[in-house]
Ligand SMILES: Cc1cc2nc3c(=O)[nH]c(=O)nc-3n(C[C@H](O)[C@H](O)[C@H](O)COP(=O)(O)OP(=O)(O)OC[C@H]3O[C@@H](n4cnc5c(N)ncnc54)[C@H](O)[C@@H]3O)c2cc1C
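This document starts with one chain, in the form predicted on its own, laid out as structure tokens.
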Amino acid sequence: MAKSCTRRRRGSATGLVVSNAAIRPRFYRLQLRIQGSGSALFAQTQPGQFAELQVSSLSVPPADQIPDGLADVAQRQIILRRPFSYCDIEVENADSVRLDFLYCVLGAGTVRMTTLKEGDPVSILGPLGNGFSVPEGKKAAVLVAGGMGAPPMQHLARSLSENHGDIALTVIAGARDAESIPFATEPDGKDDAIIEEFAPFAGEQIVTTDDGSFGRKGFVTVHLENWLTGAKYRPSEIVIFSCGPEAMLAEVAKVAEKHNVDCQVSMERMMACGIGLCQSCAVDVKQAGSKGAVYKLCCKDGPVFDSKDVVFGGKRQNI
């Protein structure tokens, strides 16, 4: 039986910005500190869960600080919170917890987030959703991250290292090209390149880019297939955790099924409310005993699902 994440309490708290650093063009790492009563709530966050940040009150940055192509988008009015996965959580003491988020500047909300500075308050709702679980009897875990699917993988890597040290950890992380790697690691083009943020936790890293500009050339799914083919562990001893574009997750699921390996995937949807009220984040999931599918909500039932249960490319997934 898996050591699964049970339904936990959620709430709101105010975090103060510790830092908001640009780690490469359009990629930022935001650190928030929560102190007092709210810290205990967020200290229990499980890898794969997420938070909703309030960004509607933030100002639009000066025109010369807005990335190309986003000048018009930046002016849009923001009403709803924005969902973000945690890339790291550090419990500093009984009354203080630090939350780290990676974000890519793509729209009105993230453009405004670039203006956050040390000491600014940010309203946070969380922890939300259900995270990854660790099945019993596993000897090896493979974390497969694609592009901005990397943040929850970093959080999971730390958790596995600290709480499941007997499980060998391999990270397979990739992106379209060197500039799309959402970490501070400087691209060097070498086949044996590593991502420094994973180095303290993973015994093995395979870093890839589609064009070969950083790490090995090729899709992460190809390298996952190669790793499983040469694995020294039995299929029942391996578990795959993955987050990234849905097309990638669909291929990860196929590879896992081919090799009869357990696999959990973190899905992405537009999660407007984050608590299951707006019903806007439907995921098609197979119905037990039937060839049909049922709706599950990414924010409430996920975002982590067993890969065997997801109907990838389901017609109803974007209602």
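Counting begins at 1, following the sequence as shown. Note that this is a predicted model, so its numbers are computed, not measured.
What comes next is about the form predicted in complex with the named molecule, which does not appear here.
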Residue (of Ile240, Val122, Leu102, Val207) lying close to the named molecule in the model of the complex, criterion heavy atoms within 4.5 Å
Leu102
Select from the listed residues Arg76, Arg234, Lys217, Lys190 the one whose heavy atoms reach within 4.5 Å of the named molecule in the model of the complex.
Arg76
Distance check, Ser180 to the named molecule in the model of the complex, heavy atom within 4.5 Å:
no
At the 4.5 Å heavy atom threshold, is Phe198 in contact with the named molecule in the model of the complex?
no
Just checking whether Arg269 would be counted as a contact of the named molecule in the model of the complex - the rule being heavy atoms within 4.5 angstroms.
yes
Verify the contact flag for Thr170: yes if a non-hydrogen atom of it lies within 4.5 Å of a non-hydrogen atom of the named molecule in the model of the complex, no if not.
no
Can you say which of 81-89, 133-141, 158-166, 209-217 gets within 4.5 Å of the named molecule in the model of the complex, counting heavy atoms only?
81-89
Check all three, Phe50, Gly107 and Pro303, heavy atom within 4.5 Å of the named molecule in the model of the complex
yes
Taking the named molecule as it sits in the model of the complex, which residues of 124-141 have a non-hydrogen atom within 4.5 Å of it? Please list them.
none
